[in-house]
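Coming up is one lone chain in structure tokens, specifically the form predicted on its own.
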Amino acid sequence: MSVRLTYRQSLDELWERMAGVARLDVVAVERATLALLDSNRQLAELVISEQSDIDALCLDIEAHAAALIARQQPVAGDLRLVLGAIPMSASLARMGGLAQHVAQSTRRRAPESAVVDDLRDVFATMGRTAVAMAADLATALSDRDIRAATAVREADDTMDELHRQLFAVALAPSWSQGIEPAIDAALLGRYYERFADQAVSNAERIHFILTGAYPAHT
């Protein structure tokens, strides 16, 4: 096998490794949301335990990128990919960590629910939005698809609106659930919002890798 072909395969592998972690983030946030809504401690424990796998894979991505820099001296778009993979791997790990935080909240409150009835619909929609964003991110990575990366950025508006809805309910004069449930809601909402923010950050890096420019902010 030629050196050039091996090099191209190594770059393809870098894309696929990142896509693989994004797919694990899809599973993590989907399971974390199900555990949250169902007060399912067993499922929450699974999300928590599997975060170590995500962390290990992200460290492998960093090592793979560092080896490519040292051995191949990439330039132009290839260099953007290799350099971008290092912060992206950390961000992908953070996405899994935020899903883990949701699961930890479930575990802490189980068998009681960490979510009051007034906010169940909001968190269910937050969970679906987070899953969709992570899935689009995985597609953007595996297919090098700018449209999928753009979809991630556009979905962030939905997550921001859901976050506002959450606080509108929790801070309303009619709120009668007490301080502790309000704190739980605020923390959980923050985890989902930050998950979305990390997905957007990665989507913008993909845009930069593929085009050489970051997307314009409107």
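One rule holds for the numbers: they count along the sequence shown, beginning at 1. What you are looking at is a predicted structure, and each value in this text was computed from that prediction instead of being measured.
Beyond the structure shown, there is the form predicted in complex with a further copy of the same chain, which is absent from this document and is the topic of what follows.
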Pick the stretch from 30-38, 178-186, 47-55, 145-153 whose residues have a heavy atom within 4.5 Å of a further copy of the same chain in the predicted complex. 178-186
Tell me, yes or no, whether residue 60 is in contact with a further copy of the same chain in the predicted complex, where a contact means a heavy atom of each within 4.5 Å. no
For residue 207, is any heavy atom within 4.5 Å of a further copy of the same chain in the predicted complex, or not? no
Can residue 135 be called a contact residue for a further copy of the same chain in the predicted complex at 4.5 Å between heavy atoms? no
With a cut-off of 4.5 Å between heavy atoms, is residue 192 one of the residues that contacts a further copy of the same chain in the predicted complex? no
Exactly one of 86, 115, 110, 131 has a non-hydrogen atom within 4.5 Å of a further copy of the same chain in the predicted complex; which residue is it? 86
Does each of 66, 94 and 170 have at least one heavy atom within 4.5 Å of a further copy of the same chain in the predicted complex? yes
Taking a further copy of the same chain in the predicted complex and a 4.5 Å non-hydrogen atom cutoff, the residues of 99-116 making contact are 101
